[in-house]
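The chain below stands alone and is given as structure tokens, in the form predicted alone.
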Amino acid sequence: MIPFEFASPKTLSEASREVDHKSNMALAGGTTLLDLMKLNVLTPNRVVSIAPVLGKEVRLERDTLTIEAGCTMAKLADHEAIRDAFPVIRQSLITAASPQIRNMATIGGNLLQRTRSTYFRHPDMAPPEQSFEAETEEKFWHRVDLSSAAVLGNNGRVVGTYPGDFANTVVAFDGTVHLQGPDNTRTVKARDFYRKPSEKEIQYSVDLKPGELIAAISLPVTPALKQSLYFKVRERSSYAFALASVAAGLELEGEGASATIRHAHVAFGGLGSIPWYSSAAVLALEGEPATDENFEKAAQTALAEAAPPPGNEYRVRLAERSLVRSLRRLRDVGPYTDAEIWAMQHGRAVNQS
């Protein structure tokens, strides 16, 4: 880690005047920034401590849920406004990381996680060839690590997967990002906040200008947000990134397979270069009967544009099955219970009382 200066601003506005996201970087929970500084992936000259000046409250007002950026993942997951009313939020946080990380990581920082792609986290490693569609020689696949390569939003190139979980919920349920700049504030729809990698990038970028900091996010409170779940498939329980995950919510008119889907929300994690909102799945579901056949049709439609790198084809089918399973669960049973989600995370139920 290279030497750096440390700044402790007194207000959020003062902090925003210090930060440029390049040579002067913001430190909140620090769970990713410090790791990347130790690896010399990020080498800021100045680190600006923003945790003390970020708001940490969660507010439920009328039809809007607002979460201030300094709230930790653990505090949000256990907040009384979240615990019983908004399953997908709690479940995406619980299944995201270890307790130690959840107690440190802020919601604002969590939204900005960098890819776990080897080529980003080890700067001495040679970058991969740009296009896997153009390369047909078998030897190519023996020279590159594609385990963290995106299946969606890659434009036929080797780019890293967005690794987070909570952001998938935010884009699925039409969240808004509230930004504080040096002299003004700005709001951006979460679905527009994330940008797929450009031609020379190997991970996503965000709509965040120099000096701007995430102050809060907000989500509209809808019946589908209350009838929601987060389902995550990974190589092991506890602390692992998703091979495929689904943030889903349904508002049904009627019961069972004869019900009509009034509103649907679907986003995938572990697959895209950005948190992947699936408008294709939503369009295929809304207004249709909640049948298994329509669920499977929506899943196939959602993954129709997938372009998996060699060796990752199985993740397309995995994502389709994960979506169908999630929709069936919401239709037939409802959201996962706390006992079920803790069992997914730890391999056994955990008494949280």
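Just so it is clear, the model here is predicted, and its values are computed rather than measured. The first residue of the shown sequence is 1; numbering continues from there.
One more form of this protein should be noted, the form predicted together with a small molecule, which is absent from this view; the next part is about it.
Considering the small molecule in the predicted complex, the lone stretch of 256-264, 273-281, 240-248, 80-88 in range is 240-248 [heavy atom distance within 4.5 Å]. Of the heavy atoms in Met344, none are within 4.5 Å of the small molecule in the predicted complex. Contact check for Arg186: every heavy atom lies farther than 4.5 Å from the small molecule in the predicted complex.
Although the partner is absent from this view, Pro52 stays clear of the small molecule in the predicted complex, with no non-hydrogen atom inside 4.5 angstroms. By the criterion of a heavy atom within 4.5 Å, Asn154 is excluded from the residues contacting the small molecule in the predicted complex.
Exactly one listed residue, out of Gln227, Ser148, Gln203, Gln113, brings a non-hydrogen atom to within 4.5 Å of the small molecule in the predicted complex: Gln113.
This chain appears without its partner; in the predicted complex, the one residue of Leu27, Leu65, Leu318, Ala306 with a heavy atom within 4.5 Å of the small molecule is Leu27. By the 4.5 Å heavy atom rule, the three marked residues Thr32, Met73 and Ala97 all count as contacting the small molecule in the predicted complex.
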